[in-house]
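Quick setup: one chain, the form predicted on its own, written in structure tokens, and binding and motion questions come after.
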């Protein structure tokens, strides 16, 4: 068994080094889809997180509780709900988005929204309240004081973006149910890993897993490096 795993890893390295088309294709499609989904999600999640974190309104704890609860939503469950909406008989079926990269992008954007909102809200709330008061004492307006708070929360907000991307690129349920793992169109790293493993093509699955882990670990390492600085 150990020898089979070692042989699989060796063949996986050969596939990566040789620039196998299927490996490269799945990798770049994953980066494009998950990157676009992250940009889409943070475009509304970060402003919402800032609003929640800096605001003091009735029902704030309920709103935060909702997004905290949504952090654990099963990806396959979300994929099923969106599938029903996007299918031909669903309310959004007229747009013919099912089994397209756009469907995966939308699904991943919805999936990672709670992460971006929660992390951003917590980042803003964790900034010392004295910073805002100090800015006002130095003559800053309300807007300038809030900008000072946001600057202090920026590193943690960047962490929210990276965490959202890692969650998107590593998920399987949404990508499989909405994309269908169509070669050359919607097949990404995670769906390729699952498909090739069921076919017994372990070296191909190992190669894709190594690439996926390298992406996730590299981004995590970059975040830790930036936080130290």
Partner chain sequence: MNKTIFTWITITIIAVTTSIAGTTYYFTITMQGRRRLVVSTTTSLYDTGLLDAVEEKFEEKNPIDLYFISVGTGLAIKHAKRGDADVVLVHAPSTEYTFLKEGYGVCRKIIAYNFFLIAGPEEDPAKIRNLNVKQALTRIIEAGRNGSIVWVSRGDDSGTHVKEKTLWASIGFNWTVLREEGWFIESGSGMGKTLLMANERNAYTLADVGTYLKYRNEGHITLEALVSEGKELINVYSVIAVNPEKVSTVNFQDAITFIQFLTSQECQTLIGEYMKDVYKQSLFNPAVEILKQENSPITTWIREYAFFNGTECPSDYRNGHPELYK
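Note that this is a predicted model, so its numbers are computed, not measured. Residue numbers count along the first chain shown, from 1.
Not on display, but discussed next: the form predicted in complex with the partner chain.
Taking 55, 65, 59, 47 one by one, only a single residue has any non-hydrogen atom within 4.5 Å of the partner chain in the predicted bound form, and it is 47. Among the residues 78, 109, 124, 98, the one placing a heavy atom within 4.5 Å of the partner chain in the predicted bound form is 98. Contact annotation: residue 193 falls outside 4.5 Å of the partner chain in the predicted bound form, judged by heavy atom distances. Within 4.5 Å of some heavy atom of the partner chain in the predicted bound form lies at least one heavy atom of residue 39.
Remark: residue 182 counts among the residues lining the partner chain in the predicted bound form, judged by a heavy atom distance of 4.5 Å or less. In the predicted bound form, the partner chain stays beyond 4.5 Å of every heavy atom belonging to residue 159. Within 4.5 angstroms of the partner chain in the predicted bound form, the stretch 81-97 places a non-hydrogen atom from each of 83, 84, 87, 88, 89, 90, taken in sequence order.
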